[in-house]
Structures are given as C-alpha cells and as structure tokens.
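Before any questions on binding or motion, here is one chain by itself as structure tokens, the form predicted on its own.
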Amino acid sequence: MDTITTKLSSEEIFSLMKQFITEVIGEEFVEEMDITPESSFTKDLEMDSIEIVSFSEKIKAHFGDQIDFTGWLSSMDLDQLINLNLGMIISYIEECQS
C-alpha cells in the first residue's frame, strides 16, 4: 500500500478503518455490525488478538512512518487496550497528521 501524503478528515479516517476491519474479519461479519467511532475492538467488533495485530499492520502499511501506531499502543495499560475504540484511533491519527 502507498503511504498517505495528504491530510485525511476524521470521516475519511473512519472509512479507512472500516475498510481495514472488513479486510481483517470479513465482509460477512461486518455486514451484521453497526460500526461506529465508539465501537470497541474486543467488545463490539469481537476481534481477537491476531485480528487486532493484522489491523494494526494495515495501519502501519498505509500510514508508514507518519504514525507510530505500535508505539502508541505499547504506551497503554491493559484497561486502555481492552477499551480501545475506533474513535481513539481516529483521534490519534488526526494528531499525527497535524
């Protein structure tokens, strides 16, 4: 995947995150879900650790060095990781684009 060169809006980031989730867990599962920025990975999307790693790899491949997604995740404690939602990732990516 090519790395981005233009700043994305929060709506564009959300759309991209939904695309990555669909690629990781499959369209048949995503169609049954109401994915919102408040959707949590473990509770709402029911993604397991391998799927979350695959999702994070897609973010790293897309954004390249512009975003230290792994570093950001590693700075969180267990409760923060369990409660991680799309909105938190969207906000982080927006901050990195500033």
Partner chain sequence: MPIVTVNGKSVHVQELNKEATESIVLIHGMFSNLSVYYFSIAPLLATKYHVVLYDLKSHGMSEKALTGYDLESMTNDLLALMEELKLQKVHLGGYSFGGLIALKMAIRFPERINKLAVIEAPDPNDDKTRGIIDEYSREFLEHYVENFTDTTKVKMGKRQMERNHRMYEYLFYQTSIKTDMELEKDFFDSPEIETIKKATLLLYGTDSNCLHAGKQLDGAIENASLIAVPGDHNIPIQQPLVIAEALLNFFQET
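This one's a predicted model, so the numbers in the text were calculated from it and none came from an experiment. Positions refer to the first chain, counted from 1.
A second form of this protein, the form predicted together with the partner chain, is not displayed here; the remarks below concern that form.
*Asks:* Examine residue 35 and determine whether its closest non-hydrogen atom to the partner chain in the predicted bound form is within 4.5 angstroms.
*Replies:* Looking in the predicted bound form, residue contacts with the partner chain do not include residue 35, since no heavy atom lies within 4.5 Å.
*Asks:* Should residue 31 be counted as a contact of the partner chain in the predicted bound form, where contact means heavy atoms within 4.5 Å?
*Replies:* Taking the distances in the predicted bound form, the answer for residue 31 is no, it never comes within 4.5 Å of the partner chain.
*Asks:* Against the partner chain in the predicted bound form, would residue 65 count as a contact residue? Criterion: heavy atoms within 4.5 Å.
*Replies:* Taking the distances in the predicted bound form, the answer for residue 65 is no, it never comes within 4.5 Å of the partner chain.
*Asks:* Looking at the partner-bound form in the predicted bound form, is residue 25 within 4.5 Å of the partner chain by any heavy atom?
*Replies:* The answer is yes: residue 25 has a heavy atom within 4.5 Å of the partner chain.
*Asks:* Taking a heavy atom within 4.5 Å as contact, would all three of 88, 91 and 96 count as contacting the partner chain in the predicted bound form?
*Replies:* No: none of 88, 91 and 96 comes within 4.5 Å of the partner chain in the predicted bound form.
*Asks:* Heavy atom within 4.5 Å of the partner chain in the predicted bound form: which residues of 20 to 57 qualify?
*Replies:* The stretch touches the partner through 25, 29, 42, 45, 46, 47, 48, 49, 50, 51, 52, 53, 54, 56, 57.
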